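To begin, one chain is listed below as structure tokens, in the form predicted alone.
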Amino acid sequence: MRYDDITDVIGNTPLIRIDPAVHGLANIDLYAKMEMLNPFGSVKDRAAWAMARPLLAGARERGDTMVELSSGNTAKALAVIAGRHGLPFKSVTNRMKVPEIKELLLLLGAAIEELPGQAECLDPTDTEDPLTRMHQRLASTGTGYVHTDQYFNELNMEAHRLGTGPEIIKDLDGRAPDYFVACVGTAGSSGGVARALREHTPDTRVIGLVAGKNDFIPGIRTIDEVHEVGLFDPDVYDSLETVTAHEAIEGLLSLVRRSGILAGPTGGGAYFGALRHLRTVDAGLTERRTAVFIVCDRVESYLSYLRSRRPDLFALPARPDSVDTVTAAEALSAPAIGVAEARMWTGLVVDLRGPHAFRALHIDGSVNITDDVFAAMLAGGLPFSKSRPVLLVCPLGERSARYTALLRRMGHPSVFSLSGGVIAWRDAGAELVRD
């Protein structure tokens, strides 16, 4: 096969049948839609090209910069597309959580701007959120930016309604699957494919998968974050179910080791969630059924993510003092104080956010130790004297609660989390200073 441009290779990815001996379903044929085989490595290639293509005319001549609020595969695909068309690319995010993605973006020539947003998904109703202000700025005319706007651009979803969904039907000999299971990120692939399948067969059941409230799985939103995505429509899904980071890794391992599919955590989460749901209906079936899930990207970009959560996979000793060992129940019960009490705090205040967010706004007198550096410090034991009162701060109080629970477990009796984080501090009218 010969092509004139790399973007011509986007789409028409294969549909791979998972061996029943691996998944164990007696009456359901399970297929993986191999979006990891797109030329830039992920399902986001389709949406990136669909969103960018209409904006390219004249952009180079005007000296525009392509920009997207993304810290992952969308940014990666857009960086390649922008470079291919002679445009600079900027990724805007509240934090790059996966080191390999950040390094790859820099290799591709992207600029990265980390803003102190509340979450990776901006909340358009919060006019004080820096990510929201950036989004509003990009929406205005004459800014010098080409903004693809993945969270609100319908072309994100249309790329899958017109491409991915019909491809699945074609490869199933003109039939839509009985079940479609998808992780929910921007809701472009899950929503777009669901629309296509239901336009063909209204009875197709769609199961959306989200991450737990205090969990992080690359490419999957939490149940709170997903409602902030402009493209998300809860009516698209017959059910929304939670998958944990541990389950996503287990699914990844099964795909990698037993199916030869080098899937990343999102694909692993989709596979695990699909099996969990399908097992509940498999035993009662009297006719064959089909189900499809999406393998979004490849495992190689997530080795540090896997290493931090499962060091045993890399023949490394377990780290009992890792924040990833803190359960949701421990985090919920971690000692916390409110803003009123925190304003009278006389001990050490440690801000766990990234340096850009800290410089933009922080509690006066606090010190900035980003959570990845803090995690490395904890590997050597308690970083502070047990007698020293410590208040941990993050954007919303969730990450600081996990570290508080861990430090308490390690024997630090005087560590607390700021309830509601910097956002609660700001909303209460307490002073924040700018560096």
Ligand SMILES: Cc1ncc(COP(=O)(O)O)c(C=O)c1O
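Predicted model only: the values in this text are computed from it and were never measured. For every residue, the number given is its place in the sequence shown, counted from 1.
One more form of this protein, predicted in complex with this ligand, exists but is not displayed; see below.
Every member of the trio 186, 189 and 302 reaches this ligand in the predicted bound form with some non-hydrogen atom inside 4.5 Å. Note on contacts: among 177, 273, 165, 219, the single residue with a heavy atom within 4.5 Å of this ligand in the predicted bound form is 219. Heavy atoms within 4.5 Å of this ligand in the predicted bound form are found in one stretch of 289-297, 305-313, 196-204, 359-367, which is 289-297. For the chain shown alone, residue 91 is not a contact residue for this ligand in the predicted bound form, no non-hydrogen atom being within 4.5 angstroms. By the criterion of a heavy atom within 4.5 Å, residue 266 is counted among the residues contacting this ligand in the predicted bound form. Taking the partner from the other structure, this ligand in the predicted bound form has a heavy atom within 4.5 Å of a heavy atom of residue 44.
Residues of 268-289 that come within 4.5 Å of this ligand in the predicted bound form, judged by any heavy atom, do not exist; none qualify.
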